[in-house]
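First, one chain by itself in structure tokens, the form predicted alone.
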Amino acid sequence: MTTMQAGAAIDVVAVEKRYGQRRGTANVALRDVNLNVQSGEFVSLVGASGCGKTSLIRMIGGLAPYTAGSITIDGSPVRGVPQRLGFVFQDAALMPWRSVRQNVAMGLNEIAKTLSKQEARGRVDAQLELVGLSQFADYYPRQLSGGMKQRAGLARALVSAPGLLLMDEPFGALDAFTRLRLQEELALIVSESSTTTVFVTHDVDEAVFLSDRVAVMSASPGTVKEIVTVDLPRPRLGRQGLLDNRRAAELRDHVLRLVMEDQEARPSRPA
């Protein structure tokens, strides 16, 4: 397994993903995908449904194989799930029989043996405070709102201080106001961490607000068609104020045009 230090660097080179079909044919989902993510960088993947965003992030995380090309983390090929990897899905996937504190502590699994009970509890408490759940530490998932569940999932992903955080539509199922609030909270957390983040989203505003760069993917087969540098100042702690500024609007419109080109040219299909 690959072992990462804080701020992992990712290199995706000429990656292809094929799915076998009947009669010996193959569906090419991704072709010639190239992407470099620098240490500590926040990169979002956006694109029309079916462009392979989720497939790509799963391959980076060692959760799915690729057919050709190479993916390395800190120079080491990805073969299976890397150690010290944080993953946040659209569903927080909390264990319903465990308290919030116990769920977050599960994220220490790989390093738990290196920590005393006091150190482990201290790490969990620090993450709960960071995501604003300290007073809900003894609650169970059924007692939490959707946004609180996602906060708990994020705390679980970050508690081991991973070098790489992968997030696949983590706010997609939330109402608009909760989503906006969690975007701002994530921006604050990222600003205080050296963790490298790859973030999948359909929300162009969200991508521009959070990212250092946005990788726009085209579909059929999926590839990275353009990488847009988000040259806006950090820290970005007020989403509405930032996205009201002229440069942010220009970036948002440019990314949206790139995405819409594919949606207008091809019929959409499920992601």
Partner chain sequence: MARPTIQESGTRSSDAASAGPATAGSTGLAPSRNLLRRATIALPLLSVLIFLAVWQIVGGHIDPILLATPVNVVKAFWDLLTSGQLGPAFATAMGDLATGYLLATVVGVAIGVLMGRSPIVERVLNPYVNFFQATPLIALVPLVVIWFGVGFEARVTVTFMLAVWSIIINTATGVKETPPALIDVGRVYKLSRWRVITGVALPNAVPNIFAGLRIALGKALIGMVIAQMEISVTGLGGLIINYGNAFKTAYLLAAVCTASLVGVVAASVLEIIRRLAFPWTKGEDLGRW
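The model shown is predicted, which means the values in this text are computed figures rather than measured ones. Positions refer to the first chain, counted from 1.
Quick note: we don't show the form predicted together with the partner chain, though the next part is all about it.
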{"item": "Contacting member of S145, S76, T114, S191, with respect to the partner chain in the predicted bound form [4.5 Å, heavy atom]", "value": "S145"}
{"item": "One residue of L174, L180, L130, A161 in contact with the partner chain, assessed in the predicted bound form (non-hydrogen atom, 4.5 angstroms)", "value": "L130"}
{"item": "In the predicted bound form, A93 touching the partner chain (heavy atom, 4.5 Å)", "value": "yes"}
{"item": "In the predicted bound form, G107 touching the partner chain (heavy atom, 4.5 Å)", "value": "yes"}
{"item": "Interface membership of R121, the partner chain in the predicted bound form, 4.5 Å heavy atom rule", "value": "no"}
{"item": "Close approach of T72 to the partner chain in the predicted bound form, 4.5 Å, heavy atom", "value": "no"}
{"item": "Contact stretch among 35-43, 200-208, 222-230, 54-62 - heavy atom within 4.5 Å of the partner chain in the predicted bound form", "value": "54-62"}
